[in-house]
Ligand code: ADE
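In structure tokens, the next block holds one chain alone, the form predicted alone.
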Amino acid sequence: MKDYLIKDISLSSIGKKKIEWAEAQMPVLLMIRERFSKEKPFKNLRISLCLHVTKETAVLARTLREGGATVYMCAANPLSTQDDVAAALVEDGVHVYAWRGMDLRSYYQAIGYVISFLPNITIDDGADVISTIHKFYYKIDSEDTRIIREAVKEISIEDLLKNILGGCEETTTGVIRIKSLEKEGKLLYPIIAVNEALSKSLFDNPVGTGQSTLDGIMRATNILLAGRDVVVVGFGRVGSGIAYRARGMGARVTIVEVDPIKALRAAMDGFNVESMKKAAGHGEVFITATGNINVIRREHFELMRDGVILANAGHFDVEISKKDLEELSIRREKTSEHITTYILKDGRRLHLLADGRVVNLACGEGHPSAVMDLSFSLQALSAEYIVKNYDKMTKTVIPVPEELDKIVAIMKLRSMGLEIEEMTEEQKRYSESWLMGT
């Protein structure tokens, strides 16, 4: 098998500069790398990454490699790879199997390649590697598993599982998938839910995705958000971050939500809250952030105005029904690299960005490096935790240990030149007493 499969190794010098720029914004991960370089916690271990191949991910890959790991990497999305970064990583000794614009066959083959090296630790963004391993074990036959099987045909699932100590999952979609496996009693190895850590979920999801989603939309369309009628579908961690930042840029924001508590929170935060059917009639820009299927579909497209922009911030291209768009259209045109325009039978035009995939990565560069410093520091420390504790871990979804979460937050504060107050011994005793107020 080839050591790597990328678009063009000659792009490496450009990618190296991008990675160095990201490293300057990721001081916490660099501090962890410095320790890893001395202690080598991953010596003689293989780590498979299924992540978006960006300059920020490259900083994580370099850190793991500095810690002694042999690193294999595939993309978490066919449209998110930065080809120059992939080339730079290959020159650093990382085995990368990814390029921007992969077809689905190449995408699934690449997942097979990183699995075929019998990883000791898997790190996912969306759980594609994790779910593939489980599909093989439970003999789930599908197009993706048949393609992947071609790449790993000489590997037995038993050998694969013997080598795996544990895994980490980066995003909400992936955590939902692995929790489903756990609920059914089918999870085959322990997974740390990095997405659930406070240093990740409070910053990466609302702040990082909030900013980068709008950045991706504006890069693709160059629209002015101020005064626009923006509809955000979903008011969870990601959707709320998008909504706050869109409002901060002058947009008029409507929230569509199925959860009454989240809808109430949106209303009390001053957002307009409506059903999808009602919002479809007036919205100009629609952004989905639910992780669910067909949240914008035929009945909504039929009500939309001419020139509507449709974008998905979620991991998979299922939230905006492309099937319904196709059936309602007389033709479609590639308006630009990132915009597909569907011309409906009555002449209305609906513009879909990034083929309905993760708009922040497909049309932009993803999260700012400073935010990913938190998330990838947690990934690095969680991987180290697996190495040190795998013999005590059960086949469950495991939260990031609280002490790791706080370590990352403290290191980030220090890197920003900030310090926090400490309680006195008297205050500690008081806060733990049932005799408060006396």
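Remember, it's a predicted structure, so these values are computed and weren't measured experimentally. The first residue of the sequence shown is number 1, and the count goes up from there.
The same protein also has a form predicted together with the named molecule, omitted here; what follows describes it.
Asks: Using a 4.5 Å cut on heavy atoms, which of 379, 48, 57, 63 is close to the named molecule in the predicted bound form?
Replies: Answer to the contact question: 57.
Asks: Just to confirm, with a 4.5 Å cut-off on non-hydrogen atoms, which of 361, 111, 86, 192 contacts the named molecule in the predicted bound form?
Replies: So the residue touching the named molecule in the predicted bound form, by this definition, is 361.
Asks: Which one of these stretches, 367-375, 409-417, 390-398, 36-44, sits within 4.5 Å of the named molecule in the predicted bound form when only heavy atoms are counted?
Replies: Partner-contacting stretch among the options: 367-375.
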